[in-house]
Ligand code: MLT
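Okay, so here's just one chain, in structure tokens, the form predicted alone.
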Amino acid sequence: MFRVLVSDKIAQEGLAPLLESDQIVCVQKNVNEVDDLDSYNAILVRSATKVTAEVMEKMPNLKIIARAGVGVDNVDLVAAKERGIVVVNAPTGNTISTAEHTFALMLALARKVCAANASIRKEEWNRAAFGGIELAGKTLGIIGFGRIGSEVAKRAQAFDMNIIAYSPSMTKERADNLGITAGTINEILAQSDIITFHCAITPETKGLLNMDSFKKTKPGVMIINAARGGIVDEEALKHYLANGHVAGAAIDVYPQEPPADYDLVKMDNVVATPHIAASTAEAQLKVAVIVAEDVLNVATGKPVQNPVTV
């Protein structure tokens, strides 16, 4: 039998491809609470479980690591490759949920929804304190124009926003076909009223917005990060929020989760959520089914559909 360890909480419906197979034994238990790790052939995780080289060392029969989501920064890909372990993810499952959450953050930021809600709950009536801005006519800079970035662009176009986007693979022809502008990162920084990130965390993108690069942005810019913590340097962001150069920031992801400190998210011009962009019932079901099917593929000798490493 092919034994699968489900280390993070995943709905039973999402595990259906595994639970319905007579070739699979599926156990839902945190990896740190399992004594017989050497008996498992697969591990299925979300973002909480860290699949480190040490974990893999304890799982000599491990054939596949399945990440129910897009980012695989909680998996040691180098160690997996060295051991010949397949790593798969679910690159499409949470696209719509993340794009919608990005827009929720954008609207909350533009219209000061959270601060206004907090005020009226105190039985205050202070309309003058919560004047916002319209999104129509504003320039939205999108850094990272894959599945999620392009879905954000579609929604921004419906709000009559001007869009300038950057991706290493972006061509002018593609941008023209989509009705957007292809730009460099520096052009996005200089021209955008709102900047949103939808790229992976890499050596090139870590600290992409920092003390120096913030100087290239427009006064009054708004920053949204629902991609990965660390793309925006938090100390730099606090500095520019405090001096007013950045009008507001909306954050769903953090370099350390939970955050090492909460000073940034407590600032008046910050809207923050606890890494929930993909936390919809629909997205969690889709990503679980996608990776469960790939685990079943490995168990039955079929090729995987969403390999990160093979």
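The first residue of the sequence shown is number 1, and the count goes up from there. All of these numbers come straight from a predicted model, not from anything done at the bench.
Keep in mind that the form predicted together with the named molecule is not shown, yet the notes after this line are about it.
Checking I64, V271, V70, V246 for any heavy atom within 4.5 Å of the named molecule in the model of the complex turns up a single hit: V70. Per the 4.5 Å heavy atom criterion, the named molecule in the model of the complex is contacted by stretch 273-281, the sole one of 22-30, 54-62, 258-266, 273-281. Residue contact with the named molecule in the model of the complex: K50 places no heavy atom within 4.5 Å of it.
Contact annotation for N94: at least one heavy atom lies within 4.5 Å of the named molecule in the model of the complex. Put simply, R228 is close to the named molecule in the model of the complex: some heavy atom of it is within 4.5 Å. In this stretch, 108-122, not one residue has a heavy atom within 4.5 Å of the named molecule in the model of the complex; the partner itself is omitted from this view.
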